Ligand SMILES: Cc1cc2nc3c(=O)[nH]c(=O)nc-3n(C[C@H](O)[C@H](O)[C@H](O)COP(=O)(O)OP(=O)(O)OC[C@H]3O[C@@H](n4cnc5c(N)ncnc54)[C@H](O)[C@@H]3O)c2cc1C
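Encoded as structure tokens, the following chain is the form predicted alone, with no partner shown.
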């Protein structure tokens, strides 16, 4: 693919797929407070040196800090012996450290299971930081444009919902835009914004419950019901728009009832 040269371009319609760049939201003053506390992620790639018998490299590991339930880690193994490692916490949690590299390694050292897995790891790349990544906008669409994936609304990375929202938003927008270009009547609010928002709101309910600790109680409960577990896992796997699932159709009420039980 040839690189696009700088210059002025005209388009009949713009789909903003800029992710955290949020090009159109910034240009058109569409950004809105997300409603989530400002959290920061520290992350990087490492040579993990995890023994084969210690860890299933086909799985992503999510770990909760032993003392701070709203602080969590991810460990994503790659096929080449390297892994993505990261920690998420509210910004104030990191104030005691002067640099990201020592902060991430020290925080990992506070969790015994991660420490055991990564005791021989080599942190050979710079650790990056991303702050205030949760996003919201005043409108997902406007005259001759629509916002896709994280350029629109993004709750939180804890359940990898960004990929799902990106695919769902693109699928919805492509179908509507095809009809619009064929001179058919379309309603971007009814056909795009509202359907997309339903799934995003489902994710939001589970994200809020994760950080206040209630959903963690469900996940780590010793006596889980297989049927309910399957329904919840379906949502976290991306089926947040499947209204045949009671935990999608009535997410807040169902989750509150489950927590009481």
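Numbering follows the first chain given and starts at 1. Note that this is a predicted model, so its numbers are computed, not measured.
Unshown form predicted in complex with this ligand; subsequent notes refer to it.
In the model of the complex, this ligand sits within 4.5 Å of a heavy atom belonging to residue 19. Under a 4.5 angstroms non-hydrogen atom cutoff, this ligand in the model of the complex lacks residue 142 among its neighbouring residues. When contacts are judged by a 4.5 Å heavy atom cut-off, residue 15 does not count as touching this ligand in the model of the complex. Contact annotation: residue 172 falls outside 4.5 Å of this ligand in the model of the complex, judged by heavy atom distances.
Judged against this ligand in the model of the complex with a 4.5 angstroms heavy atom cut-off, the residues 38, 137 and 201 are out of contact without exception.
Note on the interface: of 162 to 170, 181 to 189, 116 to 124, 92 to 100, the segment with non-hydrogen atoms within 4.5 angstroms of this ligand in the model of the complex is 162 to 170. Contact residues in stretch 59 to 87 (any heavy atom within 4.5 Å of this ligand, taken in the model of the complex) are 74, 76.
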